[in-house]
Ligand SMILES: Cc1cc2nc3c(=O)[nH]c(=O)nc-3n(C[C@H](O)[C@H](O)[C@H](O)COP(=O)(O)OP(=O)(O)OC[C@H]3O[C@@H](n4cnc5c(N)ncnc54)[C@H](O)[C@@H]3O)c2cc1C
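Single chain ahead, written as structure tokens, the form predicted on its own.
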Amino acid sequence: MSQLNYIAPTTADEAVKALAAAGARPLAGGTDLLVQLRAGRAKPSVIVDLKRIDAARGIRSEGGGFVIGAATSGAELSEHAALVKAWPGVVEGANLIGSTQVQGRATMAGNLCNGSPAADSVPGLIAARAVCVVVGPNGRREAPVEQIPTGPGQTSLAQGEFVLEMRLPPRPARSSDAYLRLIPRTEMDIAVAGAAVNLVLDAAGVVTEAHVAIGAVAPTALLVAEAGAALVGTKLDDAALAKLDAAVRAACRPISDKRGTAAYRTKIAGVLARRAAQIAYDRAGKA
């Protein structure tokens, strides 16, 4: 059995150098990686712990938005009142990762980079138009969240690259978001389908901007531009919600498995998107 090395760098540059080694894997919370390691599904040569890098920890306000370090736990997100108020849908998604105990370790960046199509925190981030700051051998670059996963268990990150932080944009007045999922059990299960909606309203309650993302119904979570466009210029009347539903269904490319058939997942995605849109709309009207 090959030796497994552990490194805990204190700077991003040190982490990049450590991750350049063949078989190196970053660790943010470890709630996916350590399980895979124990099951023999992951066999890294080096684990590079990101939690001692200052920029990878915590939540800070910047430019009217928020910057969330890659090693920031779900529990920390829930305790940040300003973040919860501005982006309740993003926090809702993160809060659905595992149990209360897992929340003390699990991170949104890890949830994203694990590459699961059913990752609960990802649709909310996509709908929020969040951006990842990626650090690697060629320096820093920014990428929309939806460009990181490329398929089940796969990402666009090159050797030596890792997500250092995630950036949420400034929140306009009269705007909010929501995330919903369906699971077979009451808690701690993998989503059959998920939907996130992020809305901005004018003073009259008309939607001026809308972003819709869906999860667990395609190889990656998807931004559905047509679904967002269906809501703009409306007050979420029945016709607008029907167009939203149809656009979401058209974007779905699910599999059939023990949790649900492809047809069921597709139908549920549209239903969840409708409900999430209404919740986001109600929240935005009170913001």
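Here the structure is a predicted model, which is why all the values come from computation and not from measurement. When you see a residue number, it is the position in the sequence shown, counting from 1.
Although it is not shown, the form predicted together with the named molecule is what the next lines describe.
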Problem set entry | Candidate stretches 233-241, 220-228, 27-35, 247-255, one within 4.5 Å of the named molecule in the model of the complex by heavy atom | 27-35
Seminar exercise, completed: Interface check vs the named molecule in the model of the complex: of L180, A86, A210, C113, the one with a heavy atom inside 4.5 Å is C113
Seminar exercise, completed: Picking from L201, L77, A130, L96, the single residue whose non-hydrogen atoms come within 4.5 angstroms of the named molecule in the model of the complex is L96
Exercise. Going by a heavy atom distance of 4.5 Å, is M188 a contact of the named molecule in the model of the complex?
Worked result: yes
For this session: Check whether L168 has any heavy atom within 4.5 Å of a heavy atom of the named molecule in the model of the complex, and answer yes or no.
Result: no
Exercise. Taking heavy atoms and a 4.5 Å cut-off, does V91 contact the named molecule in the model of the complex?
Worked result: no
For this session: Look up in the model of the complex whether A70 has a non-hydrogen atom within 4.5 angstroms of the named molecule, and give yes or no.
Result: yes
Problem set entry | Partner contacts in the model of the complex for 162-177 (non-hydrogen atom within 4.5 angstroms of the named molecule) | F162, V163
